[in-house]
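Consider the single chain below, provided in structure tokens and representing the form predicted on its own.
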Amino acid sequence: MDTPVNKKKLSLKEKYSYLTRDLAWEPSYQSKEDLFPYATYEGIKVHDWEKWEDPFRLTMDAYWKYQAEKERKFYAIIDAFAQNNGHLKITDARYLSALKIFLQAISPGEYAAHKGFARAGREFPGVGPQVACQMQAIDEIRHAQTQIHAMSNYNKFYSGFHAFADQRDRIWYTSVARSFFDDAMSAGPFEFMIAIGFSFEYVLTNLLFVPFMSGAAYNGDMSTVTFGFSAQSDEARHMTLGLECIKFMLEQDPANVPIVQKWIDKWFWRGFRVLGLVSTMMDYMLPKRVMSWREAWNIYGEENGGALFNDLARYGIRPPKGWADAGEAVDHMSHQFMLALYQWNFGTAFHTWIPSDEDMEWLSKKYPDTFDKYYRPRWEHIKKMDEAGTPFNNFGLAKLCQTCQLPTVFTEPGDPSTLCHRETEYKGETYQFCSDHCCDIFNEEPEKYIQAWLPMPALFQDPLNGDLEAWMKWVSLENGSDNGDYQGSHDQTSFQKWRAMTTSN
């Protein structure tokens, strides 16, 4: 009888290798160039795919174990939230406008990122990035699902949550996030990783998740807090993947540096424009605020981002071209965008309102150099118009930036009293832009951006032909219920009535 031999337990590194790198094979009847045509499409040179490192060394069996545990906890909490009328424990129904923007613009972006990472995993020849992209693709679709499930309880009681999937493709402010992800998904795999894995996940994601989820906690929304922190543990891994990807490209060949720098310049600015939505949510839509957009930018933008680019300087990478302009714009963007949302609130699937005196005092303290000088006078004038029975609405159509698709409501760098407007001609057509950086992005790839679908021109095409009522139906908006002023809205009156009933009982 043979003596039993105790098998040596595999180390974490060996187990990771067996369950990832050793699953690869060499093609026999097709060349690698034919199997992975996009590996060289963008000009990125890779000499050794084995140099790709996953600091987490996560294997699929461990991945399913961790995610299953998070799922159990998540659904237990949101079930308890629903059963205990958690929707009545939020500070005020104004808060729901922030959730509606998140659901209409950000959650579909998670789903788009899922498709993008699934595609990128197929297009990379190396097994390391293939496995990492596969896991992140599953993460992203899980994030979209958990966000939709967490907010579905609000859909039972309040307006504006019911048609987010249609509205993502049809309403003017949601096209900002949609165009960002469409742009990334139509790029090559390496640029996609810079767009989503690095610029969005590493540089900008903390500006989205940390302050906003803290704001949800401050405002009593434990359902949103739960999906936020469930996703944030994944985001830490995504940030590491994004940083590993950019370092891998920079270390493989010096010729990659100018290509990567160009992508960083582009995708930082594109991501920064998307975060204009988040800045408004933080400064104006949270009844109880955690911090201002400026304070969040100082921590997660300037401090963390600055340290990152100092680290990348040894590879020859400098901060993005729009870094300085972004730092200046932070003091203005939330105010400028909220003014835009207010004047076009007939075309939004959420409510807007005039800031109260208390709100304006808070904004004055947080933006001492800009709010009282440039924005308080506008709000006070709008308030007088509203009190006189002539609320301020702009029924003219906004001029949209061809690149980021935001209305051109932002001001010149160094001159907050002048609107920034750029234009260029291409093949006999004139295209409009909100900034120098968006214009530069267009000029780099004009054939790509002339194909952009813009919601304002769509209003004058078949089948709408300029009919506002037909447009309302097309975007699933019920006029007066889903949009317009918060005061006297269905959300406000229903919330106050139900909370009063609960309190009296």
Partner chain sequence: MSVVSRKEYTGVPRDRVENFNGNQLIYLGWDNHLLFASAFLLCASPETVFRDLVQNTVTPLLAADPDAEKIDWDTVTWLKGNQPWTPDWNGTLAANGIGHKALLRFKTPSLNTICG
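On a predicted model such as this, the values are computed, not experimentally measured, just so you know. Positions refer to the first chain, counted from 1.
The discussion below concerns the form predicted together with the partner chain, not included here.
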So which stretch, 316-324, 361-369, 414-422, 92-100, is the one near the partner chain in the model of the complex (non-hydrogen atoms, 4.5 Å)?
414-422
With the partner left out of view, is Val127 within 4.5 angstroms of the partner chain in the model of the complex by any non-hydrogen atom?
no
Should Asn298 be classed as touching the partner chain in the model of the complex when contacts are defined as heavy atoms within 4.5 Å?
no
Considering only heavy atoms, tell me if Glu444 and the partner chain come within 4.5 Å of each other in the model of the complex.
yes
Any chance Lys473 has a heavy atom within 4.5 Å of the partner chain in the model of the complex?
no
Whether Ala76, Gly389 and Ser481 jointly form a contact site for the partner chain in the model of the complex is the question; each needs a heavy atom within 4.5 Å.
no
May I ask you to choose, among Thr352, Asn256, Asn153, Gln343, the residue with a heavy atom within 4.5 Å of the partner chain in the model of the complex?
Gln343
With the partner chain left out of view, choose which of Gln252, Gln261, Thr408, Ser292 has a non-hydrogen atom within 4.5 angstroms of it in the model of the complex.
Thr408
Could you pull out the residues of 376-401 that have any heavy atom within 4.5 Å of the partner chain in the model of the complex?
Pro377, Arg378, His381, Ile382, Met385, Phe392, Asn394, Phe395, Gly396, Leu397, Ala398, Lys399
